[in-house]
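Below sits a lone chain in C-alpha cells, taken as the form predicted alone.
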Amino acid sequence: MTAYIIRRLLYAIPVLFCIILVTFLLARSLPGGPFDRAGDKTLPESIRQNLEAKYGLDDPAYIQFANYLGGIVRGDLGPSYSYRGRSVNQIIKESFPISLQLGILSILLAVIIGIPAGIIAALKQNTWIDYSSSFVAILGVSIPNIVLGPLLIYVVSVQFGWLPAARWGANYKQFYFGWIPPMTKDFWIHAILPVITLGTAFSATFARLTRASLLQTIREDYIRTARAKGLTEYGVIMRHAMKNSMIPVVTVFGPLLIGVVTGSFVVERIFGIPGMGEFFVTSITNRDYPIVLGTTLLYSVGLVLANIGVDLAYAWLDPRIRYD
C-alpha cells in the first residue's frame, strides 16, 4: 500500500507540471495585462514598464516560468498584482479556511441527507416513498445555486428576518483557521443559508447515486446467499450490500469535495463570503497571474490527493481490490 501511494505521488509530479505550464500559457494569452489600467484610467507607458520590470514581466516567458517554478519549490506563490503588498500565500491563508469550512459543512449536509434518502428509496422501490424521494432529488439537482440562494435570502432573511443574508466570515479573524468550524452562535447563524444552498444539490446527487447503486447490489448472488443463511434484512443491507453500493458515491465524492472546499464562486458571491471564489474571479478580470496560478495549483494538488484517497477507499469497500 505504501509503495502504491508513493508511486501515485511521483506520477502526480509531471501531471502538476503540465497543469502549471498550460495555466501559465493560457493566462498570458489573454488580451491585456495586469498593469494596463488603474481603475478607470490608463496608466502611462513609463509607469506600466516600470511595474512590469519590478515583477519580472518584461523577461522572456521561459524565464518567468522558471522563476515561478523556483518559487513553488521554495513554497512562495509570488506577489499579487492587484492586491498590492499582499502575497498569494497570504491571500490563500486568509480566504481558504472560510471556503474550506463552507465546503465541508455542505458536504456533511449532503451526506447526512442524501445517503439515507437513497437507501430508503432503494429499499422502498416503486412505492410513494421512492417516488417522493426521486422527485425531491430531481428538484434539488434542477434548481441551480444562483436561483436557490437569492430565493432563500428573500424568504428567510428579507420577508421573515430569521437569519442574516450575508457577510459570513467578514470578521474572519474571529474564526478558527482550520477545517473545524468554530462553535459560536455568530458563525452558525451566518452559515445556515449558504450551507443549505450549496449542500442541497449535492444531497440530491448522493441520493440518486446511492439508490441506483444499492438497487443493483441487492440483486447480486452473494446478497441472496446472505439472506438464505438467515441473516436479518438489516444485517444483509448494512454488512454486505452497503460497502459495494458506496463505490459510485465514493468515486464522485473525492473530486466533488475538492471542488467544494476550494470555493463555490456563485454561492460565495451571493452571500458575500470572502472566500477564494472572490479572489479567483477578480484575478481573471485583473490579469493577476499569480493568483490564477496559485488557486489552480491548490485545486490540482487537492484533486490529485482526493483521487488517491478514493482509490484507497476502493480497497476498503471491495476486498477484491488490492494495491500490492
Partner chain sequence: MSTQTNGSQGSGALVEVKGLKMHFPISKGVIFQRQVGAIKAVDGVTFSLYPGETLGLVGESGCGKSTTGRAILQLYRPTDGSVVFEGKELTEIKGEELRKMRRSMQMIFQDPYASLNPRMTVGSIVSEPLEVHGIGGSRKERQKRVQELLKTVGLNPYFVNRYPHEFSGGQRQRIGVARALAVNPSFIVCDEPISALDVSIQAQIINLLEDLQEELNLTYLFIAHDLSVVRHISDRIAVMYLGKIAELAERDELYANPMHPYTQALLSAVPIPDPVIENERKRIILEGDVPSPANPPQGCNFCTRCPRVMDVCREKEPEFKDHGNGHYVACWLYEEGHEG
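Numbering follows the first chain given and starts at 1. Being a predicted model, the structure only gives us computed values, none of them experimental.
Another form exists, predicted in complex with its partner chain; not displayed. Remarks below refer to it.
Just one listed stretch, out of 70-78, 217-225, 114-122, 196-204, contacts its partner chain in the model of the complex at the 4.5 Å heavy atom level, and that stretch is 217-225.
The candidate spot formed by Y131, R239 and L317 is fully in contact with its partner chain in the model of the complex: every one of the three has a heavy atom within 4.5 Å. In the model of the complex, its partner chain stays beyond 4.5 Å of every heavy atom belonging to K93. Proximity of L231 to its partner chain in the model of the complex: non-hydrogen atoms within 4.5 Å are present.
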